[in-house]
Each structure stands twice: as C-alpha cells, then as structure tokens.
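Okay, so here's just one chain, in structure tokens, the form predicted alone.
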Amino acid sequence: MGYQLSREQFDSFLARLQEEYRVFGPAVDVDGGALADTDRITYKEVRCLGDLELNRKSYFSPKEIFYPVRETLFRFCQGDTTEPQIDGKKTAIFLRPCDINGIDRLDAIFLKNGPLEDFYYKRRRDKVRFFLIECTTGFDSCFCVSMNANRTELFDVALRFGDEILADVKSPEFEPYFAGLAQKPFEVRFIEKNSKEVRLPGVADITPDLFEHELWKEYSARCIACGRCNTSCITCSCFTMQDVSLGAENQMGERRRIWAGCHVNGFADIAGGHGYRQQKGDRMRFKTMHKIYDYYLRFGKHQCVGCGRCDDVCPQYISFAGCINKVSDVAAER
C-alpha cells in the first residue's frame, strides 16, 4: 500500500515508531572524521527526519547495529555460566538496497553456512526491520549494479524522500502506523547504472594459477594492513574470541566475540607461532577470491555488493573495484 506524508507527518510517524522500536539511520557524527573539524557519516539512532543524512554515503555499514564490534557471549563464575540479556526492543533501520543485500549475505554466513544457526547473531537479527531508502543515483564509488545488488524485495517499508515522503508499506506489521494518511500509489525505483563499473571474471576462468599471479605483489607493496576495508564492509563477517578473567583467582570472567579481518596482522596466525598469508598481497587475494568466487560457489551470488566503502576508506587509495577488474583482465588473457 502506498502513502504520502508531509515532513511533519513523517516526524510524527517516527515518534510513534520509537515507542516500540529503536530506530537507526545514516546520520552525521559531528567532528567525528579522521581529520580535525571534519564530520563522519555513520549509523546512529535517529529521532526525526532532520537527523537522517540522505545525501552522503556512510563511512561504516549498518551491520554493527545487530552484529556488535564487541559482544559478550557468556559470563562465567566458577562452575556457572550465564548468557547476557539483550535489549527487548525491535530495531528499525533506514538503509539502501546494497546494504539490505549485504545483510542477506551475512545471514547466509551466520544462519545457512552449516547445520546450526549462530544463536547470538540470530537473536539480534530476528528483531531487525528494514526501511528501504530509495536510491536511483548512487555515489561515485558505488558499483552495486555490476554486483547485481542494486535491487531488493527484502524490505518492510520503502521510502522516497523529497518535499513529500512516499512510502510503500510491504509488511502488515507497519500498516497501523500509516492509518489515516493519504494514500498514493508508489513503486520504488532502483539505480540502473553506476558511474563506476566492474567486470566480473567468469567462475570457470578462475583457475589455481591465478592465485599465484604477479598482480597480487602490487598489494604487498601498498597495503598497510589497517583493516579499514574489513571493518567498513557490510559483508565481512570474521571474528575472533577473547576470554577475559576477572578477580584474583581467575574464577570469573567472560568470553567475547570481537570483529577480526583478513587484512589485519595476526588474523591467520596458528598455534606454534606459525601463520598463513604473511604477505599483504596474499591477504588481498584471499579477500578478493572470497568476495567474488568462493562465496559464489557456495551460495550462487557474489558476496561483495558494490557499496564501495572499502574504496572510500582505504588510506592507500587501493581500489577493490579496480582489483576485480585486474583479476578479470588476467583471467581473460589466459
């Protein structure tokens, strides 16, 4: 069902929504940028339309709302363990199609990548509802069309923002919030062409010798292993475990799950002081092949959704989109 809202009506809608949901969206973190007196766009709780930043891309993805950077899995005290409770409120997130597709990729890793679902991920994820921000132009670094991630039907409500706000309410859960508002037919539109395009290699063209190609040496020279590409990515899901002991006799403490990333030093270290992928180019290869090859073989879609955040945040100006094109060129030559 389609509805038309004034800006004032939209703010009233948000106020009612906040009674039952925590509401998040892209917003300005004033003076939160990497440089002095610069802002950063990130995902924060929003209270009104004026809080939403709709014209600039967020530095971070919305995944940390329901997949925390650091999460306590359980606490222990001598022989007893307890699981911490989480906020009982449901969560509504305003986000673009690429990010919804990215969360779909996360769902596959945590909920469909084996016989058991990840309990900690699922209990938060089940509370999440999607408010799609219509995106028809994208940003300079986006390449979602190339990754087939520019469209989605996995939303509860779709919104077109302008002088008036149009809403396509897909989920019956939210119909009561729009009761009494003017009805107006509305069908969400999606971007059809990005300014940046990526050429994906054919799966059959990726052979073992490509993993040893000289192209990866460039990234050994340039990458500084900061991990920004991992932490900004909507589909990176890797984590490590940390046990923290408390008290003089170490009889109590907690186990935490903490984000980790394939580019960060120590990620591939193993017992005995050994480690894999010491060269940073090897880490770039590992990430690239997982995003456009390994994941595809298992789930039938590419893990990368072309949001372009990794290109935006890299201090060395390494382009992941450019890397995919280089892989395609090498695969085509052989």
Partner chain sequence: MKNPFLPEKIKILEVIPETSIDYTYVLALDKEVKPGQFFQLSVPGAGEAPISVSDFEDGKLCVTIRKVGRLTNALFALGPGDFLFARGPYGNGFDYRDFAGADLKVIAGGTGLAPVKKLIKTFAGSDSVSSLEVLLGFKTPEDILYGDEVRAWVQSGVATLTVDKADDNWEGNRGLITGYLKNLDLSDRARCKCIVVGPPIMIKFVTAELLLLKVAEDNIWVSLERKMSCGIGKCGHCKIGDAYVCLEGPVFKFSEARRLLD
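For clarity, every value in this text was computed on a predicted model and none was experimentally measured. Numbering follows the first chain given and starts at 1.
Quick note: we don't show the form predicted in complex with the partner chain, though the next part is all about it.
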Report task. Consider residue 297 of the chain shown here, and say whether it contacts the partner chain in the predicted bound form, taking contact as heavy atoms within 4.5 Å. Result -> yes
Requested in this report: Classify residue 221 as contacting or not contacting the partner chain in the predicted bound form by the rule of any non-hydrogen atom within 4.5 angstroms, answering yes or no.
Outcome: no
Query raised in the report: How about residue 151: is it within 4.5 Å of the partner chain in the predicted bound form, going by heavy atoms?
Result: no
Requested in this report: Answer yes if any heavy atom of residue 237 is within 4.5 Å of a heavy atom of the partner chain in the predicted bound form; otherwise answer no.
Outcome: yes
Requested in this report: Report yes if all three of 74, 113 and 267 come within 4.5 Å of the partner chain in the predicted bound form by some heavy atom, otherwise no.
Outcome: yes
Report summary line: Heavy atom within 4.5 Å of the partner chain in the predicted bound form, from candidates 137, 251, 171, 183, belongs to 251
Requested in this report: Work out which of 215, 109, 166, 191 lies within 4.5 Å of the partner chain in the predicted bound form, going by heavy atoms.
Outcome: 109
**Report entry** Among 257-265, 183-191, 91-99, 155-163, the region lying within 4.5 Å of the partner chain in the predicted bound form by heavy atom distance
**Finding:** 257-265
